[in-house]
Ligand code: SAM
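There is one chain below, alone, in structure tokens, taken in the form predicted on its own.
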Amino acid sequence: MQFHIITIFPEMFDSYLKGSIIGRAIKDKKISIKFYNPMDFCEPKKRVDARPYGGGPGMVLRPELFLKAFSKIKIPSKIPRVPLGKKAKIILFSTSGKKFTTGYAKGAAKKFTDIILISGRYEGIDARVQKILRAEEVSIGDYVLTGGELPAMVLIDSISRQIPGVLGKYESLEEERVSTSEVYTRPEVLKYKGKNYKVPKVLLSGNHKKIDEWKKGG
């Protein structure tokens, strides 16, 4: 799986992509991350954004710079005149977009080899970018963030988890666990501020049938 990220702040991804499971997945070549910065196509002494037509607060990111960044994405295709092929997905983050879920992540991991994430800032990207690229608008929740970089990290993390070999064991997938979210480890008795907090007895019983029932909430 290749993730292509269009953003004016690629440095925001540095520490996250180098750590833990995602960092290991990149090192093991289970996934790859490529960046395309619209700022690289900005004329000297000109801004990457401009005032919105029709008035209003804030600034809007200029469309031609994002389209130029997009044009640098190269994905092999066996289909003539379809440069990205059918195995690529273009996503633009929007508060009014389709809600991102684990189901969405699973589907994306199975259907696509390349995912293009377009991260906006300020008051957003000129709407013509979405229309020209026919990008799917996606939201990670009912709240507003400063930019699309955090949502891009969320998608990379969630989709990467669905790729075989990234987590090591399929059982490690949180969403594949049975009902309860409670997990315990050593010590058996945790002492905190004069009180004892114990691991549920059923988990110490060795009775796998009862343990499974407990996990299912039975």
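Note that residue numbering begins at 1 and tracks the sequence as displayed. Since the structure is predicted, the reported quantities are computational estimates derived from the model, not experimental observations.
What follows is about the form predicted in complex with this ligand, which we do not show.
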- Note on the structure: Residue within 4.5 Å of this ligand in the model of the complex by heavy atom, from Thr113, Thr95, Thr101, Ser71, is Thr95
- Consider Ile140 of the chain shown here, and say whether it contacts this ligand in the model of the complex, taking contact as heavy atoms within 4.5 Å. yes
- Message: Since only the chain is shown here, I'm wondering whether Leu145 would be in contact with this ligand in the model of the complex (any heavy atom pair within 4.5 Å).
- Response: yes
- Mark Pro151 yes when one of its heavy atoms lies within 4.5 Å of a heavy atom of this ligand in the model of the complex, and no otherwise. yes
- Is Glu123 one of the residues lying within 4.5 Å of this ligand in the model of the complex, judged by heavy atom distances? yes
